[in-house]
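Okay, so here's just one chain, in structure tokens, the form predicted on its own.
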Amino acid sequence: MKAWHFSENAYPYLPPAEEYESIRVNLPNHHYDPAKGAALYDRFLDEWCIAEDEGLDIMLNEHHQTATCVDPAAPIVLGALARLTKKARLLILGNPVANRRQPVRIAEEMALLDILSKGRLECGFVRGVPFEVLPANSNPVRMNERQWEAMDLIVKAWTRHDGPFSHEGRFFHHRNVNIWPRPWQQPHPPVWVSSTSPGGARRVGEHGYVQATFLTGYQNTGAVFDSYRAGWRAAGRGNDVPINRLAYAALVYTADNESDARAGAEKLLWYMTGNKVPAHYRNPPGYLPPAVQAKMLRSTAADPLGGNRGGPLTVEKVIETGLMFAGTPDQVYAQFRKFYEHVGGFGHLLIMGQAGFLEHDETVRGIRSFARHVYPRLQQEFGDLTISGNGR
């Protein structure tokens, strides 16, 4: 079992939510104070370094034109972390390749990061969330196809060392591909792909990449992992699926007593309650395949809360649905163990350990409490497991 500290570098100093339509895409940036933003970057970098000191690995991502994640260029932040840290694995999850025009540039950026970190890069790719189709001036149709063509080209750029090659695909055209530097890790850095649907997970399994799923809870995570296992086996990779091929991301807050744990969890919940986005940004036409769109309209199957959104979103509700693990070390361990067994096991826990108005000292308390009092138990109980189960 490996645990990764994750923060989206949110900027929480915003007017009351009723005063703006959306926290993403069209919130005027006059609400952003560069001095406050610089102080936030300093503390987030410090928190990642503290996580490394406590034995955790490091994860970061990027989003665009939003206060929920003021990291529009994750490779830059990862470059800083490559020099500030010495031993932690560095996971970028990820590169929104379907929204970027030059996959070869991404291959170069990631190879450079692998060199700077001396082989500690874990390279993740994402399709890109629907809110960012408009900011990227992108086409929501056939994003999956663009993502996979870009990923295949990037891996080829990493692994071809005999001089230039050309690529003429459906979406990307490159006359001369011959990247310098090439990656430290051979044949290339570990590849991660995020997917929250069984169909997407099966394709990741067929390629043998690491599958990460985010906030899919008790209701949906098992199906995603089972589909990954099916894709792995269908590709002839054998019946035994390595446990380190599966990752789950959740909100996590641990403290020595229930009062501090509850206070931290309430602040961490801002990650979900503060995400005010209107429907026209959430689901641009063409982003979802017609069959998936129809299924969504007919049911709540894709909702990790099972459609049970009546009343305010509470800490108890998100713990019950598997979106958050929070409490004392004993409580968090028990919550995790229950979820782990329900979904058939996984090898990586991606910890959203900071969000909203969770202050630096509170974030550090959560990191240290988990790392010192929960993580060793998870490593002891699940550390020797190398094979993923056959499902729930």
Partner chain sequence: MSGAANNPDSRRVAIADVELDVIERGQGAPLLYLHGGAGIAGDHAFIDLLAQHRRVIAPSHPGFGTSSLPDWLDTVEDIAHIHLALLDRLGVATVDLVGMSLGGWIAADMASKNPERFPRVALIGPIGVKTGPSDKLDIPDIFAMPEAAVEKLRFHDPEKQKADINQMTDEQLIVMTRNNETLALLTWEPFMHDPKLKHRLHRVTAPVLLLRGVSDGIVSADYLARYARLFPNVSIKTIAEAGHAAQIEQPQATAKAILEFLQ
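Positions refer to the first chain, counted from 1. What you are looking at is a predicted structure, and each value in this text was computed from that prediction instead of being measured.
The same protein also has a form predicted in complex with the partner chain, omitted here; what follows describes it.
Trainee: Residues 141, 280 and 288 are flagged as a possible site; in the predicted bound form, is every one of them within 4.5 Å of the partner chain by some non-hydrogen atom?
Mentor: Affirmative, all three are within 4.5 Å.
Trainee: With the partner chain left out of view, choose which of 219, 293, 178, 275 has a non-hydrogen atom within 4.5 angstroms of it in the predicted bound form.
Mentor: Here the answer is residue option 293.
Trainee: Given that the partner chain is left out here, which of 137, 239, 166, 259 has a heavy atom within 4.5 Å of it in the predicted bound form?
Mentor: By the 4.5 Å heavy-atom cutoff, the listed residue in contact is 137.
Trainee: Does the 4.5 Å heavy atom contact test between residue 97 and the partner chain in the predicted bound form come out positive?
Mentor: No, residue 97 stays farther than 4.5 Å from the partner chain in the predicted bound form.
Trainee: Would you classify residue 76 as touching the partner chain in the predicted bound form, given a 4.5 Å non-hydrogen atom cut-off?
Mentor: Flag for residue 76 set to no.
Trainee: With a 4.5 Å heavy atom cut-off, would you call residue 234 a contact of the partner chain in the predicted bound form?
Mentor: No.
Trainee: Report whether the minimum heavy atom distance between residue 133 and the partner chain in the predicted bound form is within 4.5 Å.
Mentor: Yes, residue 133 lies within 4.5 Å of the partner chain in the predicted bound form.
Trainee: Counting only heavy atoms and a 4.5 Å cutoff, which of 226-234, 246-254, 195-203, 141-149 contacts the partner chain in the predicted bound form?
Mentor: Among the candidates, contact is made by 141-149.
Trainee: Which residues from 348-374 come close to the partner chain in the predicted bound form, meaning a heavy atom within 4.5 Å?
Mentor: The stretch 348-374, when checked against the partner chain in the predicted bound form, contributes no residue at the 4.5 Å heavy-atom cut-off.
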